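Starting off, we have a lone chain in the form predicted alone, written out as structure tokens.
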Amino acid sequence: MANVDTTLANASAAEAAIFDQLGQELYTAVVSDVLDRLGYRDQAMTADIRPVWAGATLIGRAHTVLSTDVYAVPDDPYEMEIRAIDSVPANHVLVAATNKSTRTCLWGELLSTATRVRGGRGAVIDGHTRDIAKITQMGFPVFATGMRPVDSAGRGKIISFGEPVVCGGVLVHEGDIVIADVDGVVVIPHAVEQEAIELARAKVAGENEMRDFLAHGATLREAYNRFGIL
């Protein structure tokens, strides 16, 4: 059992190192571009999902959550919420679909803390969050549509996790790669993740060369004809 635990821990650490490296190399615009080339043209979430603190970025695998608005406080209002957060695997980003609820506030500091302790890499929510000052102080990357101080009890209820959800207009499956920065949130489908990452790395290298070419006085037409990038 100890050997199994060690193997899993090593695999988790290796994947974390890969995501850390990709987070330094890639950005959402270039990932969106290469997904377009691969025929996945609707992988960028809607523009209203924004980082809750300046400079927040994230990359990791999706852990999907679905919630719905409610209008009464049940006996155990946090049961599914607790289960969903306690099940976040290492190197995953919680992706919560609330159907863009303006009634409830799904996320906050304590959920951020619990997720980070389990190796979670952030949260993306098509709804509201709170505890912004403490989340900012933690440096935990959260992307949401807005901020509101209300509790979720009696306003929202998680009804499933680990199942496909539509968040920010994008169909997200458990394990898809999510990348987010100031430009927005992009989802890389699991089926094309390796190809998309390789193409994105190549495009970043090409853009760097093209940028230098332009900076030395080339016209945009000359640069495009040479590099085929825009």
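Between two forms, the rigid core is the largest collection of C-alphas that superpose within 1.5 Å. Position 1 is the first residue in the sequence shown; the rest follow in order. All figures in this text were calculated on a predicted structure; none of them were measured in a lab.
There is another form of the same protein, the form predicted in complex with a further copy of the same chain; it is not shown, and what comes next is about it.
Site residues Ala13, Ala56 and Asn91 are none of them in contact with a further copy of the same chain in the predicted complex, judged by any heavy atom within 4.5 Å. The shortest heavy atom separation between Ala29 and a further copy of the same chain in the predicted complex is within 4.5 Å.
a further copy of the same chain in the predicted complex is approached by Ala215, whose closest heavy atom lies within 4.5 angstroms of it. In the predicted complex, a further copy of the same chain sits beyond 4.5 Å of every heavy atom of Ala17.
Residue contact with a further copy of the same chain in the predicted complex: Glu193 places no heavy atom within 4.5 Å of it. Residues of 195-212 lying near a further copy of the same chain in the predicted complex, listed in sequence order, are Met210, Arg211, the criterion being any heavy atom within 4.5 Å. Taking the rigid core as fixed, one finds a CA shift for Ile18 smaller than 2 Å between the shown form and the other one.
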